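Presented as structure tokens, the chain that follows is alone, the form predicted on its own.
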């Protein structure tokens, strides 16, 4: 089981069936590792708690362990749990690793062979892998660019999902602005994650004289996630870049400004898998991953984030509940 990052962390080994081991941060913190374990998945009462003994018979696929890791924010951790538990139920040998880092670390880990499967947001992959490519709101255009780039590092981009978690320029509900362009001249204090200040699709684009050309009164670096909303509510900042599936936006009456100049790319989620591992299992693994991706919606991402970020539930339990309700495990 992977737990919420602001609470505790542990590496999960999904054996046959799930043996759950004992995040809320958000997209784009760090606590000490916890090697304690507990069992959340349904188990046979005859098996000792925390044991590695299979509790039911399952025909396992013949192939290597698929090591999967989410990025260090709650939505990504839940997504990793959904994919990991789904693949395990299909009979694959899956290891869900402790979440770590963000996009750069995720891509490096699959390139270096430390991880076999990541699920990323395609617009973010575009920025990381093809930084000189123009931004596009068309996911097909982005997929056509990042597919070959992933192939160059030994990975295969599979079909993207309809589920989207996009970039959001967020202000308080009483702001007079309705578009990002409206912020120019309002003398706002801007809050963003450390990564935001290095990204073309974030602070750099907002302040670019050839794009939004906004001059902010000041900037504040914040951990990506709920702290952005807290700073906005407390009027420590006047605008932040967050993610569109952050449940606190609606809960606090915040407003997402229209990206009227088209800075933000399409951000559908998509699995990227080590090509050698994909080949080892054959076409079935790709088909299974595509099946799951096709079922996940933007509403699901929002619902999962509400559970982890508002209700403070663990990502693995949220994933299990959704998979069971969807008839997938």
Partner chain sequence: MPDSARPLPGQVAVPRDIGFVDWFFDVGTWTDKGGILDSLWETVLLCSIVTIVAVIVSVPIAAALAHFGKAEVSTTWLVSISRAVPTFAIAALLVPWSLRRGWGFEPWPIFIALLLLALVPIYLNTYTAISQVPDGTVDAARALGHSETSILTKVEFALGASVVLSGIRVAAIQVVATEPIRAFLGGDGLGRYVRDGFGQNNDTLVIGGMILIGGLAALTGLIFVLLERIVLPPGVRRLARQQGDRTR
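Owing to the predicted nature of the structure, the values given are computational and were not obtained by experimental measurement. Positions refer to the first chain, counted from 1.
There is another form of this protein, the form predicted together with the partner chain, and it is not shown here; the text below is about that form.
Stretch-level contact check against the partner chain in the predicted bound form with heavy atoms at 4.5 Å: of 167-175, 154-162, 134-142, 216-224, the positive one is 216-224. The contact with the partner chain in the predicted bound form, taken as any heavy atom within 4.5 Å, belongs to 207 out of 244, 207, 179, 111.
The partner is absent here; in the predicted bound form, the one residue of 87, 257, 195, 183 having a heavy atom within 4.5 Å of the partner chain is 195. With a 4.5 Å cutoff on heavy atoms, residue 202 does not count as touching the partner chain in the predicted bound form; it lies far away. The partner chain is not shown here, but in the predicted bound form it comes within 4.5 Å of a heavy atom of residue 230. Put simply, residue 187 is far from the partner chain in the predicted bound form: not one heavy atom of it is within 4.5 Å. Residues of 92-110 that come within 4.5 Å of the partner chain in the predicted bound form, judged by any heavy atom, reduce to 104 alone.
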